[in-house]
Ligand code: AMP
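One chain comes next, on its own, written out as structure tokens in the form predicted on its own.
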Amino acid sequence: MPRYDLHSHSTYSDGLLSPAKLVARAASRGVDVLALTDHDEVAGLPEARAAAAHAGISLVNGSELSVSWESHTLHVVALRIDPESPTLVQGLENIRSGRTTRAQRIANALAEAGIGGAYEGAMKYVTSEELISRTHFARYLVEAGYANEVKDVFKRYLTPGKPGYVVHEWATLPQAIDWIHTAGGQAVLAHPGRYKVGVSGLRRLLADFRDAGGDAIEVLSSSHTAAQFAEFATLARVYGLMASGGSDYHGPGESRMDLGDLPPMPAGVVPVWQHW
């Protein structure tokens, strides 16, 4: 049975490894099929594809789109897309342009909380200026001594209700799914267990995602517990969605799960790769 990892990041968004090094690590850890899913970006795919051919593993063209739903920011993973699709390319460009504006607002919010120079500090970790993210701010705040780990920065400064969090409107759920489908891809709701929406909110989200044409949810994710693997397998069946899985790997020392560490997909679901 091939080993799939369908959610990973490189230096083209907020990962720590270049696409080539990411692919090499995946191959060394027994991954057979890897999706590179950089945030709102596809520019790292050519390098990853060349590295995958050399390493003897299969690369899936992907991206992770930032989406607004109700008052929440969600992520939708795009798999098996045509990265040159004009509709998708334009949509991703629109999302990226919003990232710079959001970053400036995050820096201003942190400054009001007494943390100056955050924008410049975050930029030291950015490899593409259009793709500055909260993770880059978190890395700077660790460097500056405001927290010991990136995950601690998020808890203390960068999530709703905290000093550095700002509300931002991304693509809508129907927009993102339409762009993905226009590019020939499959739309996967990333790490649904991460969203602070409550039980009723999760039901609304899954129904809205399905009704907008969504294809699958991440059942296996580094954001989920073992109990949640089973929970989301059940929800995938209930809502008629396929199941996907990815480590959401960002780099050594920063990710909860390494490439190749995913457990087997629970029984009774239809894997997103069923008809690949």
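Counting begins at 1, following the sequence as shown. This structure is a prediction, so every number in the text was calculated from the model and none was measured.
Although it is not shown, the form predicted together with the named molecule is what the next lines describe.
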item	value
Location of the named molecule contact in the model of the complex, chosen stretch of 172-180, 146-154, 82-90, 114-122 [non-hydrogen atom, 4.5 Å]	146-154
Any non-hydrogen atom of R203 within 4.5 angstroms of the named molecule in the model of the complex	no
Distance check, R105 to the named molecule in the model of the complex, heavy atom within 4.5 Å	no
Partner proximity in the model of the complex: R96 to the named molecule, non-hydrogen atom cutoff 4.5 Å	no
Heavy atom of T135 within 4.5 Å of the named molecule in the model of the complex	yes
Within 4.5 Å of the named molecule in the model of the complex: residues from 232-267 (heavy atom criterion)	H250
